[in-house]
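Heads up, the chain below is alone and in the form predicted alone; it's given as structure tokens.
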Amino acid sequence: MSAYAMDKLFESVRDKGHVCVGLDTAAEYIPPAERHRCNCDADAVLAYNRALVDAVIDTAACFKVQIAYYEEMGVAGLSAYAQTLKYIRQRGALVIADVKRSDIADTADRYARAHFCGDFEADFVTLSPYMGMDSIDPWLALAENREKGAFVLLRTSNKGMRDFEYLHIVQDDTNKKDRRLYHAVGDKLAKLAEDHKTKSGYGIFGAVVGADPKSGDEREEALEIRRLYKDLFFLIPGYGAQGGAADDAALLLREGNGGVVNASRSILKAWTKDAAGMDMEKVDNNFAASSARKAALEMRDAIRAAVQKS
């Protein structure tokens, strides 16, 4: 496999499909019997994560672990977070640490060291760019040294994205109509990709672009983002519980690759539908993992079909 994390991700998508399984694991998502067997919620989350990783490892291009769910549980939660990252990487899979850091200078460098090295080491991180490119540079320097990657917020899938990301900006090139703040971010990232390209043709850093439900002009906007930023690999949230569908995600892919589509709750909680009417004492992590696998396979196949259709 190639050295850079982005090349490895490109290859993983080619071989396994576009699914990124989000381990945004809250204790209440775990079968009650399993939760009660453990000494604490952090132990239950770790055991649940391991079961799900084992179940979907052959159909997930990568995993995304949202640190907030672990910070909530304090020191024990952060230990579960570190052990989850370690387990995924030991299994030979790629992991995105969803930490959305944004700071500058020495602080950014310390954050980078925390999440590209040591107990919290991941293959990728998520970053917010709104303090400027000097908040990205320290991550880039260490990523090149450690062969890591990052996904920078570009156009997200939440309702509040229009508060800032959609603001019109003043610019000199009158041929570029309807320029918005997210275009300025994308242009900076495109330049970064041009200067730091991997063997797969994508930049060492990619972008977060949401797969919220689209119709009409919104579909054209998604296609435009893909056309404008062809060298950026996309992390695509919003699938499943957030309303995004396979057709929405397919708009943001490129030649059958170029992005991973994240789903968290629709996979983590898939067992709750399959267990309807069952004795909850008989529902264990193996049952939940089997449901997660089925949900991940259905998602993979739906996206593949949407790509072929598009």
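This structure is a prediction, so every number in the text was calculated from the model and none was measured. Just count from 1 along the sequence shown to find any residue number.
The same protein also has a form predicted together with another copy of the chain, omitted here; what follows describes it.
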Practice problem: Please determine, with the chain shown alone, which of 153 to 161, 190 to 198, 226 to 234, 86 to 94 has non-hydrogen atoms within 4.5 Å of another copy of the chain in the predicted complex. | Solution: 153 to 161
Exercise. Let me know the one among Glu220, Asp178, Asp134, Glu144 whose heavy atoms come within 4.5 Å of another copy of the chain in the predicted complex, would you?
Key: Asp134
Self-check item: Interface membership of Asn49, another copy of the chain in the predicted complex, 4.5 Å heavy atom rule
Solution: no
Practice problem: Answer with yes or no whether Pro138 is in contact with another copy of the chain in the predicted complex, where contact means some heavy atom within 4.5 Å. | Solution: no
Exercise. Answer with yes or no whether Lys148 is in contact with another copy of the chain in the predicted complex, where contact means some heavy atom within 4.5 Å.
Key: no
Quiz item: Heavy atoms within 4.5 Å of another copy of the chain in the predicted complex: does Tyr111 have any?
Solution: yes
Quiz item: Thinking of Ala82, Ser102 and His115 as one candidate spot, does another copy of the chain come within 4.5 Å of a heavy atom in every one of them in the predicted complex?
Solution: yes
